[in-house]
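Given next, in structure tokens, is a single chain: the form predicted on its own.
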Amino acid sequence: MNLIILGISSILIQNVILSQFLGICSYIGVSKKSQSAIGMGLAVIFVILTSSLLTFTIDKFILYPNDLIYMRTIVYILVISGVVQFVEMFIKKAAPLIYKMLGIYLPLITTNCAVLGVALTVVAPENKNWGYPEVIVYSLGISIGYTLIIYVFSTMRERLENSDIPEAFKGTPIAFITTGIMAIAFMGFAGLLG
């Protein structure tokens, strides 16, 4: 039951974009078309899940036992960049159209603070009792929440392109306003588990 609550909470309540405001760069940059949003979402799911499992394992068996916790950030960034390179090579080979659509945003997953945020959250002191099941559920939940929001937002942006919006609000301003309204709406989910 705790894993179900953790999964729902990480998708809806602790949403990495709407409540933690991490990963906004790729969120705004890739969400203009729903196809590129889905491609980015799938890449982020793989990167977050893989990198959080790898960093959790490295932390548990190497960094923490050897009192090297001060090396977390640099080690995590190296692991994340390696995973992103793998994903980039795979997408370039398997789906060249999506690779072209994602453009510069695919390698920018390396610097996506959402990926590093999840890696740091799973080893945070308040989560010291977590094992692999919790890490997997949390990582999947956060990345599915990211994908859900970027896809929903991309469909909204496609409709906003054809809407009558005042000139001052076109483009990024209306994108941030819409994101703010979505964040307020998602705050309502906090009552589900409270």
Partner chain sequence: MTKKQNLLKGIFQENPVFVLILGMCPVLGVTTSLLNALGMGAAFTVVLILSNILISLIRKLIPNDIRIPAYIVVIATLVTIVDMVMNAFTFSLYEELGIFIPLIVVNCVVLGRAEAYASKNGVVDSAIDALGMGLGYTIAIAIVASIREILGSGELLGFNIIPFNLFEPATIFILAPGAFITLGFLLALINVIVAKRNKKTVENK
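Bear in mind the structure is a predicted one, so any value in this text is a computation, not a measurement. Residue numbers count along the first chain shown, from 1.
The next section is about a form of this same protein that is not shown, the form predicted together with the partner chain.
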Proximity of Cys113 to the partner chain in the predicted bound form, heavy atoms at 4.5 Å: yes
Heavy atom of Tyr70 within 4.5 Å of the partner chain in the predicted bound form: yes
Non-hydrogen atom contact Ile77 with the partner chain in the predicted bound form at 4.5 angstroms: yes
Partner contact for Ser9 in the predicted bound form: the partner chain, 4.5 angstroms, heavy atom: no
Triplet Gly41, Tyr105 and Pro133 all within 4.5 Å of the partner chain in the predicted bound form via a heavy atom: no
Residues of 24-50 having any heavy atom within 4.5 Å of the partner chain in the predicted bound form, listed in sequence order: Ile24, Cys25
